[in-house]
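Next comes just one chain, in structure tokens: the form predicted alone.
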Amino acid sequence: MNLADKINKQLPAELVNFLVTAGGMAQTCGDGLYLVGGVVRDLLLGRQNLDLDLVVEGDTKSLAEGLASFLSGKLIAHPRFGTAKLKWDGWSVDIATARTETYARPGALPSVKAGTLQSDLFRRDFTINAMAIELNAPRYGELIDRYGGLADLDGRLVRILHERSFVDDATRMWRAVRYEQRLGFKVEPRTLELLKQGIGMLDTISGDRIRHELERVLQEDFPEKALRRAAELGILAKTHPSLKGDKWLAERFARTREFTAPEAPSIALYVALLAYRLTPEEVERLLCYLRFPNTVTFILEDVANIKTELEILVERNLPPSGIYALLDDYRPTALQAVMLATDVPLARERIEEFLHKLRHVKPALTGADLAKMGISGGHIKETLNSLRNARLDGTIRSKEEEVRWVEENS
């Protein structure tokens, strides 16, 4: 099967020209060059994917340098690993030497050495991701499918390449549910059996690597689908036994996408919703395991603290200045998470009012204005806060009224 026509129709002209140029250059050098991985799968499925990965049987360094020179691009090379990233005119392509991998023990990072295209494809996670397209000039566009990937695409199946796949790298369990739910496929029966048998292998994976897989799930269009499936299979519970991928979460994620549209929700916002129903102690355990960056850690801590303030936040006679005082110290993403998660309508309304209106209210007078009016430095901040609160509560509405208030209270 030749996919040259699909390449021409589905990829931008700039990338098509790049692939033709790269294949011709590799042919001249006597190297084999192949387009591999997810982009091949998505070309066959008619899905857009501009994340290009090339594998070289030969001298990756020389080919990458030649392409960088031809394109006047930037090359970031990692000779130790035989990989390079080429960037030019807003595009980027990953180039790697064909390699083979071995695992010293379950869950260990693989030992890598140069190999063939066949070994490079065999090291991949699933058959549908283990296909390649030849880019060398004589056979440009030819599909290489040595492990039945095309048949599994037709059968809409996610299948591992060998029976030790989940033992070698249990993060593939997360990837299995991610691809299954993204593509509307099913995990192939024997693959599913091995996944269930090997669920304990997730204990061999570091929290950092699990966090990376979770972040990739949260970048999906509908991450709740993969989280629901991960919960059904026991994968999510291995991250934390109290995490749930249920209807409640699906509804909150959908509400979140409506709230942030047209932008996608941030990973931090999704994480805050995923962890919302955990106790403070459970949140702490989750943070210690997954080692989120400080930005996410602080947001989850804020969410826990805001939840303790909700009873006060919904007091009937709480003035706008009281809402401001309760919420001003918290990060906006944490407030958004609580607003989207809570079932208390008044709490949602007041957080939304704070985010969209109250936090932006400021007095017309500045610190410099107050200094000119004779307010001492130690009292300027206090006076500005009082003026802001009066503005919030509607007892002051103009700069003239602010001036009068200062004169009467100084």
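We number the residues from 1 along the sequence you see. Bear in mind the structure is a predicted one, so any value in this text is a computation, not a measurement.
The form predicted in complex with a small molecule is left out here; the points below concern that form.
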Identify which of Arg331, Arg175, Arg156, Lys244 has a heavy atom within 4.5 Å of the small molecule in the predicted complex; exactly one of them does.
-> Arg175
Which one, Lys186, Arg255, Arg229, Arg216, lies within 4.5 Å of the small molecule in the predicted complex by heavy atoms?
-> Arg216
Heavy atom contact within 4.5 Å of the small molecule in the predicted complex, the stretch among 144-152, 293-301, 266-274, 167-175 = 167-175
Wondering, does Lys85 line up within 4.5 Å of the small molecule in the predicted complex on heavy atoms?
-> no
Any non-hydrogen atom of Arg182 within 4.5 angstroms of the small molecule in the predicted complex = yes
Using a 4.5 Å heavy atom cut-off, state whether Gly367 contacts the small molecule in the predicted complex.
-> no
If you check in the predicted complex, is Lys238 within 4.5 Å of the small molecule, heavy atoms only?
-> no
